[in-house]
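Single chain ahead, written as structure tokens, the form predicted on its own.
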């Protein structure tokens, strides 16, 4: 009887309400490390690159597999909004999901351990973040007041203690830092450690990013309320054929934060950590990032100054207004932004078409396993 008790798996949180989206170009052996945490959830795998290449997925996972042929078949002419040869292809998974929540992770990320040596259930922590309120309008100096053992500090307005809906949970990483190419080149040996004797280390904290403040969103350990903010989670137009790469998640983060601020929703960052195992080539990254390093100095002030009209009462309306402003303001920086603005509109059109009652019939994947 005792043996039966210990072999029973705990019921995962939001099992039937959350999809895990993974972009990849390789075999997904990394899932074996995540099996205790992911096996009972549904996976949406977006295969980038050559669609004729077969990728291996470990037995026992419930998944849908989509490649570029599927994207072209399902979206038709609107497939132009989905990046090719870039991890931004993951946002196609957000579009075809039927669940309320999304967790997305890169295939070079593994289970991390906290300072005590215990394995971190990153997915569970993300869910806790999403299911508890945020405090975007007034900062609590003890960080997240809704965590066990925490509370609001003296002087925090009682009228604000109910908090706001949490739309996004932004997790962090241990080992390989998420640096841009210039920083990679000057700090090639820098590592984020779970130990407490390094300048970069595990910090046991979750905080709400204040209203009016942007942040560099990383897509390799991210969860969000798809029903709430999903239409704004467009990872830009990057990769093959585009003059920029590695800014896909940051572009989505800037758009999402502006819209969350407008709608009165919160974005949390901090826990959980994952283990980022592989450092990408800084010289290859520099080639991808080169234009973005200059363009971000124009894009960030643009997003900081954006005020969405009160008539924008849905995420789709907000995003279409952002697309209009991107073309009007950033189109002067480079013609790329005119193209990006067009695809932002295409993304919303494809999202609405695919998520209509009739659109769900077209979502058949290339590969599916139960």
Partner chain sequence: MSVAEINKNEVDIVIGALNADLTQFLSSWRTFFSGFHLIVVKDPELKEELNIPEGFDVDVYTKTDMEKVLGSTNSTMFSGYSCRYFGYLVSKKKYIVSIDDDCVPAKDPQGFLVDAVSQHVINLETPATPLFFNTLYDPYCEGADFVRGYPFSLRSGVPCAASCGLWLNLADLDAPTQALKTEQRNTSYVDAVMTVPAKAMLPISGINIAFNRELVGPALVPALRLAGEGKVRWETLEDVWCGMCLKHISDHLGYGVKTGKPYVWRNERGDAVESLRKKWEGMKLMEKSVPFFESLKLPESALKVEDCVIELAKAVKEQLGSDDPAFTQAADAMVKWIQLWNSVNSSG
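Residue numbers count along the first chain shown, from 1. On a predicted model such as this, the values are computed, not experimentally measured, just so you know.
Missing here is the form predicted in complex with its partner chain; even so, the following discussion is about that form.
- Partner contacts here mean any heavy atom within 4.5 Å of its partner chain in the model of the complex, and among 91 to 99, 226 to 234, 134 to 142, 117 to 125 they occur only in 134 to 142.
- No residue of the trio 13, 58 and 63 has any heavy atom within 4.5 Å of its partner chain in the model of the complex.
- This chain is displayed alone, yet in the model of the complex one of 213, 80, 277, 291 has a heavy atom within 4.5 Å of its partner chain; that residue is 213.
- Contact with its partner chain in the model of the complex, judged by any heavy atom within 4.5 Å, is made by just one of 244, 111, 164, 207: 207.
- Among residues of the shown chain, residue 159 is one whose heavy atoms approach its partner chain to within 4.5 Å in the model of the complex.
- Contact annotation: residue 304 falls within 4.5 Å of its partner chain in the model of the complex, judged by heavy atom distances.
- In the model of the complex, its partner chain lies within 4.5 Å of some heavy atom of residue 151.
- At a distance threshold of 4.5 angstroms between non-hydrogen atoms, residue 180 is in contact with its partner chain in the model of the complex.
- In sequence order, 293, 296, 297, 300, 304 are the residues of 291 to 314 having a heavy atom within 4.5 Å of its partner chain in the model of the complex; the partner itself is omitted from this view.
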